[in-house]
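The data below hold one chain only, encoded as structure tokens and taken in the form predicted alone.
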Amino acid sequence: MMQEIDLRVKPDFVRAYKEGYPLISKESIVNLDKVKEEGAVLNLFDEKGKFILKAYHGMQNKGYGWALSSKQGEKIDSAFFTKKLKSALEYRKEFFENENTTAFRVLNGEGDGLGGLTIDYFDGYYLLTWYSLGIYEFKSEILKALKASTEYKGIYQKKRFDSKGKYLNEKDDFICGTEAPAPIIVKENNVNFAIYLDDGAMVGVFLDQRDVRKTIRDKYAKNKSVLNTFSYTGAFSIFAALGGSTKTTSVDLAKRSLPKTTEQFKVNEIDVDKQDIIVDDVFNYFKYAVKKNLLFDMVVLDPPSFARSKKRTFSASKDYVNLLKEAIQITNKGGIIVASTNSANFSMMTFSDFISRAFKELNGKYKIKERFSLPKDFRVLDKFKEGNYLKVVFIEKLK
């Protein structure tokens, strides 16, 4: 069991922690020098010596650690993690009972009371992603809890940290059980995805966009030409094609996007030759589309929060307005732009302002059709708005 350390919280931070804010900041602690190693259990008290909460120390982004329990006497052991996991699994009971979707999140960090850890489910296989050395120190207790709470084919992991708290991807993904085939074919709303659990940081699909993909297929794709930018493995394109689009064009700078997207089309028995898969910088493709007078009925924008190529750097908070302007110019009148960001640095309100600015600067007009944030399995806390990072807006171009 990890050592427990008593720490004092500065008055300005006490109320937020008492009300359920889960991220412990370095600035909030008075006697920080008492903590030497990540993974230490922290008992936080106010200046009068009254207990506030129990947390752990783990460096992640701007955070120093995460809240674990409001009970002073609670032990942070396998029984504690079993209780958290069983609660998380019960919350997602409907997903386990849905034969049409066999890939989803079963534990979403602080949303389920375990900041720094996510667990995803892929047709009987569980994938743990550790975001700090601090939470990784509890690996044996958490694995014991997971094994006790589930029936599993196999368990995998991804490490997204190093000793300095930075992201790291290692090739030690398989933990126990039976090794998964490469790929596993999982379902999402009856659509197939080829998933690789031991092939670097990402497995082949971002599960948080499930509702958005379904909406594209069921409501917007029929008889439409679709441009999918920053397309990764082409998930939006697959759903558009299955929704009856006339043609999809997938554009991504990564060379692997061509074979990966091709594979996703094939596992859904879609004729790849009738689709375009282009390896190119998205901004270069925008210029090409303008030059060739190409127009699309739907444009999907789902860039990373931050990306750097040889020629440019993209930051969602600084550059999304310009990205939208590029997309607007190659979208047909009456067409749909699906604007998406996973940046936690700004709100949906700010994102809506980006959309307004982009159209205003082009003297255009638009109508918001619908908005999406994280789906149910990506559980979030009301007291931690930053955790609800996903923002997706369906925009109709009127002019």
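These figures come from a predicted structure and were not determined experimentally. Sequential numbering from 1, following the sequence displayed.
The form predicted in complex with S-adenosyl-L-homocysteine (SAH) exists for this protein as well; it is not shown, and the discussion that follows is about that form.
Enquirer: With the cut-off set at 4.5 Å between non-hydrogen atoms, does A307 touch S-adenosyl-L-homocysteine (SAH) in the predicted complex?
Expert: So A307 counts as contacting S-adenosyl-L-homocysteine (SAH).
Enquirer: Indicate whether S-adenosyl-L-homocysteine (SAH) has at least one heavy atom within 4.5 Å of a heavy atom of V282 in the predicted complex.
Expert: Contact check for V282: yes, within 4.5 Å of S-adenosyl-L-homocysteine (SAH) in the predicted complex.
Enquirer: Does D252 make contact with S-adenosyl-L-homocysteine (SAH) in the predicted complex, using a 4.5 Å heavy atom cut-off?
Expert: Yes - in the predicted complex, heavy atoms of D252 and S-adenosyl-L-homocysteine (SAH) come within 4.5 Å of each other.
Enquirer: Applying a 4.5 Å heavy atom distance criterion, does R256 contact S-adenosyl-L-homocysteine (SAH) in the predicted complex?
Expert: Yes.
Enquirer: Among the candidate residues A235, V226, I216, L107, which is the single one with a non-hydrogen atom no more than 4.5 Å from S-adenosyl-L-homocysteine (SAH) in the predicted complex?
Expert: Result of the distance check: A235.
Enquirer: Work out which of Y288, F206, F96, Y91 lies within 4.5 Å of S-adenosyl-L-homocysteine (SAH) in the predicted complex, going by heavy atoms.
Expert: Exactly one residue meets the criterion: F206.
Enquirer: Heavy atoms within 4.5 Å of S-adenosyl-L-homocysteine (SAH) in the predicted complex: which stretch in 147-155, 227-235, 113-121, 99-107 meets that?
Expert: Of the options, only 227-235 has residues within 4.5 Å of the partner.
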